[in-house]
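Just one chain follows, in the form predicted on its own, and it is written as structure tokens.
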């Protein structure tokens, strides 16, 4: 099964055409309280859909929310010929995708990402999941949406922090692709968004991900490249959640990209010039993580429990240079601690 990614300005007409051509016996729409208020009124084709609402925020992407969605799907009379439309950010598409993939052993679903992060990451590629026992996306399945509708028309409601969060995933894709794409993203003005240019950059970013996912849909090999920045990033995100001070996913990934670029420089000769350019951009746009050396052991514990770890080791994707990556690199804890020291120095902590 392939995933159709559609880029458009008229989301309602595009979605309506898909629904009318699908012969679904019931249509449900999953929203959070924000997208229910701000986005759903702009999609009149869903006015007769069964609405399922959840509380926004990644900390609510949990088993209780999943059961809530299942229950309301059941109440709506959903069958295997029904459709779930996920309208929201990554938490909505992750949770909704898992709910659809497991209800009645799988029903069709469509993702309409309303954040930049969801558009370039969570909504495409077929990963679904919820958090469990304090670990990010610990429970989930691979399941492709029948369609993903990508548009910048909803992004005007996003605060700058949310746009920057998604942009970090785009930087990751660019680093995996080439130095040219890496520099192109760092030259884009995040303070004055050109929506047409941004849509072009999104299309390029999603294509990079699709090219990798199509070759390895269930992450047996090549797809692990997309974990660049995520071993450290997920640990930083989990630590922040544990301390009751959650940070946006993309901010944690930005700090993870710098840390893993440091390790790449230490072990594979990743160019120091590119490392410093990345670090300066991250410092100026994402600030610094609230981490001291007292947190290192806990961070390493999170990394050793990451899904990429098979035997309790720290597993990272690293770069020889932009566009030249290696997967399944085992990082000794002492090397990781040194890299975290350098991260804090680069971020001015």
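Owing to the predicted nature of the structure, the values given are computational and were not obtained by experimental measurement. Basically, rigid core = biggest C-alpha set you can superpose within 1.5 Å across the two forms. Numbering follows the first chain given and starts at 1.
Beyond the structure shown, there is the form predicted in complex with another copy of the chain, which is absent from this document and is the topic of what follows.
Taking the partner from the other structure, another copy of the chain in the model of the complex has a heavy atom within 4.5 Å of a heavy atom of residue 106. By the criterion of a heavy atom within 4.5 Å, residue 142 is counted among the residues contacting another copy of the chain in the model of the complex. Mapping the unseen interface onto this chain, residue 276 falls outside it, with no heavy atom inside 4.5 Å of another copy of the chain in the model of the complex. Taking non-hydrogen atoms only, residue 267 never approaches another copy of the chain to within 4.5 angstroms in the model of the complex. This chain lacks the partner; the member of 290, 63, 51, 38 within 4.5 angstroms of another copy of the chain in the model of the complex by a non-hydrogen atom is 63. Only one of the listed residues (204, 137, 151, 146) places a non-hydrogen atom within 4.5 angstroms of another copy of the chain in the model of the complex, and that residue is 137. Although the partner is absent from the chain shown here, 67, 101 and 132 each have a heavy atom within 4.5 Å of another copy of the chain in the model of the complex. Picking from 168 to 176, 124 to 132, 108 to 116, 245 to 253 the stretch near another copy of the chain in the model of the complex, with a 4.5 Å limit on heavy atoms, gives 124 to 132. Of the residues in 66 to 80, those that come within 4.5 Å of another copy of the chain in the model of the complex through at least one heavy atom are, in sequence order, 67, 70, 71, 74, 80. Positional change of residue 227 between this form and the one not shown stays under 2 Å at the C-alpha, relative to the superposed core. In the core-superposed comparison between this form and the one not shown, residue 283 has its Cα shifted by less than 2 Å.
In a rigid-core overlay of the protein, residue 78 has its C-alpha displaced by at least 2 Å between this form and the one not shown.
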